[in-house]
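Shown below, as structure tokens, is a lone chain in the form predicted on its own; questions about how it binds or moves come after it.
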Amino acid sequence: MPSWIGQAFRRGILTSRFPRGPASPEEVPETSRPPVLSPTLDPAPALSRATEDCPTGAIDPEGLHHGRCIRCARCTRQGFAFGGRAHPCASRPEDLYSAGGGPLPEREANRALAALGRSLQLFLVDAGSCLACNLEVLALANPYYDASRLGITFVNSPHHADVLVVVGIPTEPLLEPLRRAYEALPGPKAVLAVGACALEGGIFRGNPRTRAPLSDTLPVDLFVPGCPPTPLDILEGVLTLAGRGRGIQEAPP
């Protein structure tokens, strides 16, 4: 027996148990969770100092916009720390804003495709990314995350899709292809914006020939923040659209 087959038998099944079981600490690393300001600090001066350090405008003197956060960790010098409550998706960008830099309140997300049942087909469009979000989205098709076990598959045509998954900051040459891809989806349909670039422009926010946020071009049903978000964050977003989301719960270490 070849050695790699023997190793596979010894290891057993390695596929993630999420969403049937909680996510492992390795699947939801601390740096994938949102930064939170230490409750022992006076928010006003800490936020003011962090505002000057933040390269994407995620922090202002009043709070933190998680849709713009790229997890650069500059704010940790001003009293922020990673490890807040996971917030894998939101129906509105304003739901990703935490006043005072504290944890986000729990909110009910939109379930746009609940009537479709338990099978979802995804069509991925890169509107102008660094490829990080692409890799995290496509990881759902690998043997570890194995989204097909949940009835979630990728298709090669928007005509066969239920969900348009968009990554990257929308660039001018791709605005019309984005609209055409959306129009080609049969109804009911939904748009999932993945990553800080699609949400608010990320590190490229304000650059010429870009048109952020994506919601200015398409009707976005759900936003998944992160730079990049983890595969489980994205999976939770897809399941939420179908009315099957459960929230990212981390197993104890």
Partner chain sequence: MSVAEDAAVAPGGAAERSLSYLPPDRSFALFTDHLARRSLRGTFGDLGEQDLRVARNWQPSAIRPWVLDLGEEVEGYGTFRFPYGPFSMGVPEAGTFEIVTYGERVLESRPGFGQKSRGILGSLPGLSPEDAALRVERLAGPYSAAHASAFLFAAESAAGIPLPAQEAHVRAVAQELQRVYNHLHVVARLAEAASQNVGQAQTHALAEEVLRLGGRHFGHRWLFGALLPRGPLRRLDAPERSELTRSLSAIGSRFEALWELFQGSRTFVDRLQGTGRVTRSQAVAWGAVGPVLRATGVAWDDRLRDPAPPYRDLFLPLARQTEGDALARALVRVEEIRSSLLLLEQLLDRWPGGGTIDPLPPVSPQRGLVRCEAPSGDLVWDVSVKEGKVREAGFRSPSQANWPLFALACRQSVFTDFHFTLESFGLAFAETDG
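Note that this is a predicted model, so its numbers are computed, not measured. Numbering follows the first chain given and starts at 1.
We do not show the form predicted in complex with its partner chain, though everything after this point is about it.
When its partner chain is considered in the model of the complex, R92 lies well away from it, no heavy atom lying within 4.5 Å. Shown alone here, R85 lies farther than 4.5 Å from its partner chain in the model of the complex, counting heavy atoms only. Of the heavy atoms in H159, some are within 4.5 Å of its partner chain in the model of the complex. Put simply, S48 is far from its partner chain in the model of the complex: not one heavy atom of it is within 4.5 Å. Contact with its partner chain in the model of the complex, judged as any non-hydrogen atom within 4.5 angstroms, is confined among 187-195, 27-35, 40-48, 60-68 to 27-35. For a residue to qualify, one of its non-hydrogen atoms must sit within 4.5 Å of its partner chain in the model of the complex; none of A99, P219 and G247 qualifies. Residues I203, F204, N207, R209, T210 are the ones in 184-217 with at least one heavy atom within 4.5 Å of its partner chain in the model of the complex, listed in sequence order.
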